[in-house]
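So this one's two forms of a single chain, laid out as structure tokens and tagged structure 1 and structure 2.
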Structure 1
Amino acid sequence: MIKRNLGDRILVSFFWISGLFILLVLVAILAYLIWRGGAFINIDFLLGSPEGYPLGSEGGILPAIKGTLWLILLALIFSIIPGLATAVYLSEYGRNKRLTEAVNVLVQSMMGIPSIVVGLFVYALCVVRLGWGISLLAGGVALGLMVFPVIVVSSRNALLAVDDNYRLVARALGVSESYIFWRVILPRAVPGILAGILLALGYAAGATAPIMVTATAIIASSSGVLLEPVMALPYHLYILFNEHMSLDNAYATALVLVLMLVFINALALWLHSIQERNNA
């Protein structure tokens, strides 16, 4: 009896510890980054260009920020429309169809493709075969491919979360799928879809592997020319650390990146909660 009690206590403590551990990890990461990098973030850092010798060991990260924004923009351009269309097919048109099963499985599997493999594919296709070279455009394609399944799945789920009875009573009036979709379903799903897009955006902003083989250079102006290499925040962080350029700037860059992504994720969560409240 006493033994069982002890065993139970140990188990329960283990559950509590593992739950609190998760909290601890986030707090520790944020706190440590702020402690090591917070002091180096200022206007000059955010809006300055890399300086010093080797270039980047001092100065700011503006080109990297700009490059990341460009990459995200391209990724979204490439992925939003096909992603939404696929989601709409899955939730509105493809009910009870064979193709739907197939698309679902394939998209789900696509979500699991390692990002480096996406990079590999785009490298062979765009950088080498199409001759774009290491370029912003190739990086945009790679990131677009990477976030496409994220957009499909999250938008599909947002659309499917809308009460099916709306579809039923509307269909019973003889109106078409697309009329129902535009007037009833889409407005209800917008917060969820936006949440998914934000999630995808964050995912693209943080990805390093696919762009380091397709798009990035150690130093670039990142002015938005499609066929030129760019700098990007995550790759810049990698270089700062790996090439021993500046540990302080690396911490500051990591902090900027993490704050950006935590903010994006929080926004996505908030939108998601709106969607859930809407369709409760």
Structure 2
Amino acid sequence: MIKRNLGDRILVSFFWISGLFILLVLVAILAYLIWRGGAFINIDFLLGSPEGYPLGSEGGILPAIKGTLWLILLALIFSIIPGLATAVYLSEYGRNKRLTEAVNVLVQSMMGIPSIVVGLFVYALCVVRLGWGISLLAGGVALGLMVFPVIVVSSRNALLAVDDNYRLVARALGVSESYIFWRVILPRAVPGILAGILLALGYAAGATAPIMVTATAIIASSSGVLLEPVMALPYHLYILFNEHMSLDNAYATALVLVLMLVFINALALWLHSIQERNNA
């Protein structure tokens, strides 16, 4: 008994230390970015366009912010409906075990594909074969393919997290499966599904590799025209660092991007906690 209690304490201590270490790393990254780039973030920086020579050494990042928002909006449009439909099938209607297992393996395999491979596939198909060129539409397709498995897995888990007693009681009363799903299961799973969509949104917002070869340009208006290139925060940050245009603007851009991702992830965790309370 003493050895078992000692082992439990060591294991719990290890988990606490690991969690604190990850938290300290995040705080250290934020602190460093605030120290290096916080002083350069102002209204002109957030609402201005890149200026100076070389381009981007001065001015702001508004086109990059707009381009990032357009890209993640298109990614969600392309991935939400098929992702939710797949998740509903896997959690509620997957009676054929072989087909369900095949779909699960396919989704898990898609999650393991490097993002640059997704970008090159969309480049070959959409940019070259279909003639879309480097464009917002091609970038949205690439990010949609990338976040599709994230939405499927998170939505499936949110649906499966709903207490199975609701299904059993409803079936015992002779209620149809469609009624059970729309009136009982889905309302209780909505916070978890939204949390998964937000996580996918954050994943898409921080991706660089897929949009480098499909959507982005060093300078663009990011007006939302589907067949025109856009700017994006991750790619703009890459250019600023890689070309050594302005480290001050680079750190300020990195801080804006990280704060955006932290906000999205915090909102996702809040929604996830709501579902846990609903299902408790």
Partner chain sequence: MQSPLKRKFRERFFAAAVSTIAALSSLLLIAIVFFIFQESLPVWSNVGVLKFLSGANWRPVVVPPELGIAPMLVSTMWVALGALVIAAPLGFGCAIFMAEFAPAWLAAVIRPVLNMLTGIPSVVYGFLGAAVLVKFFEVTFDLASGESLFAASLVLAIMVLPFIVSNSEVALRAVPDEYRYAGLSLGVSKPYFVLHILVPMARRGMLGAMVLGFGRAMGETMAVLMLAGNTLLVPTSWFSKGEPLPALIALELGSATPGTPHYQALFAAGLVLLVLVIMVNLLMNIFLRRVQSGVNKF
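Throughout, residue numbering runs from 1 along the sequence of structure 1. Note that this is a predicted model, so its numbers are computed, not measured. If you superpose the two forms and keep the largest set of C-alpha atoms that fall within 1.5 Å, you have the rigid core.
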**Study point:** Form predicted on its own - structure 1 or 2
**Key:** 2
Check your understanding: Do you see a C-alpha shift of 2 Å or more at Leu11 between structure 1 and structure 2, with the core held fixed?
Key -> yes
Review point. Quick one: core overlaid, is Phe263 moving 2 Å or more at the Cα between structure 1 and structure 2?
Key: no
Review point. Can a Cα shift of no less than 2 Å be assigned to Arg183 between structure 1 and structure 2, given superposition on the rigid core?
Key: no
Study note, to complete from the structure: Taking the rigid core as reference, the Cα of Asn96 travels between structure 1 and structure 2 a distance in Å of 5.2
Point to revise | Once the two forms are fitted on their core, CA shift of Leu20 between structure 1 and structure 2 in Å | key: 4.0
